[in-house]
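The data below hold one chain only, encoded as structure tokens and taken in the form predicted on its own.
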Amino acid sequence: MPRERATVTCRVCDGTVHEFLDLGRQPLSDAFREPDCDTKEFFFRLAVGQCESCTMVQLTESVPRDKMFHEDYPYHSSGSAGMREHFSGAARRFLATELAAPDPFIVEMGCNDGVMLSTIHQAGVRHLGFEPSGRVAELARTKGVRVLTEFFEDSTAARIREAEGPAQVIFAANTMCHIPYPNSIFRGVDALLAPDGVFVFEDPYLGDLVEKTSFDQIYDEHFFLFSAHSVRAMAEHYGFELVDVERLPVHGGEIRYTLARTSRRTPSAAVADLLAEEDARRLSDMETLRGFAAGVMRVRDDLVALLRRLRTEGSSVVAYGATAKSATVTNFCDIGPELVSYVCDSTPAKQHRMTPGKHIPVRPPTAFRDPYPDYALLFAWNHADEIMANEQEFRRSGGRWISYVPNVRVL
């Protein structure tokens, strides 16, 4: 395990952050390159630490937001049937519980292609999505969603409050963990949220990440790794209160956090239960996080050893799912085309390009089936059930899946 490096300042409370994991030199996780592209690739040091004061786990170095979220941002939230149903369910829940007042208003930061707000639009409820990535924002507009192609922050939120009044709900999915300037976000929430409104966000859960050794959840876009303890501390720091938590099965394990203004709502029993569970697991202890880091090193060594053995034996090996998180795996483990011939992905914007950093070709699903490889490394492991249901012929043809979460194994 790498030695502890110099400390940095917490982006939430200005406390001291102590590093516990170094994943090395990494590219932008969604910067898929054309094969003939000769421009210099951006790299940064991907390392993780914990604040000794508020316990927030965070990257020690941030990437400028315009490098990650831009006109050509390739991720579409509607790309999975499971995620479409998940966000439709979230919208229906808001409609039933929080948007019953006359002329309610809901705002989503990072609305992507409108997968959640399209259900709100169909219900005739006033809404607005913030989405700085132009092309996915345009997809949301085709669904009837109102979108502002800007970042959510204090100045934009104040402008919307003046023009449209307060919001009963401010929602963010897989967005809050992307933002290394929570002070501006919470000033914006304070300006825009109705007195009895709720700020709801869902993001990957540190507890699941540690339990599963799913280190690929750590990449440039995931600046924060939240726990109930750290979110409670963050909320209190900015004048809010954590009033509910809900476990979600998506993306390998997430928590939906509900915040309200202090003393406006009674916290649910689920909050105390999750805090107690984290205490029992010693999730906030540096010793636990260092143990997680040691597990990451074991997974790396086991995965590389397996891939090298298979290629030496003459087996064909490809990967499935050109996910953002796969950039962490390929670059940290030094996995290139010599170990994995190509990555299969259904996203047209990624096809016929190369993966960030290691430049593995990305091909459409038709390539996966013509002919089937001997082994497929499952980068999109959080969609395993859906993928395996769609690719049953691969198994029938003798193909075998390789997983590395929570450990390396051939399925």
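All of these numbers come straight from a predicted model, not from anything done at the bench. Residue indices: 1-based, along the sequence shown.
In what follows, reference is made to the form predicted together with a small molecule, a form of this protein that is not presented.
Proximity to the small molecule in the model of the complex, defined as a heavy atom within 4.5 Å, singles out one entry of 52, 41, 61, 386, which is 386. Taking 31, 349, 367, 380 one by one, only a single residue has any non-hydrogen atom within 4.5 Å of the small molecule in the model of the complex, and it is 380. Proximity of 168, 239 and 265 to the small molecule in the model of the complex is absent: no residue of the three has a non-hydrogen atom within 4.5 angstroms. Residues placing heavy atoms within 4.5 Å of the small molecule in the model of the complex fall in a single listed stretch, namely 320-328, out of 320-328, 241-249, 96-104, 287-295. Contact between residue 390 and the small molecule in the model of the complex is found at the 4.5 Å heavy atom cutoff. The shortest heavy atom separation between residue 79 and the small molecule in the model of the complex is within 4.5 Å.
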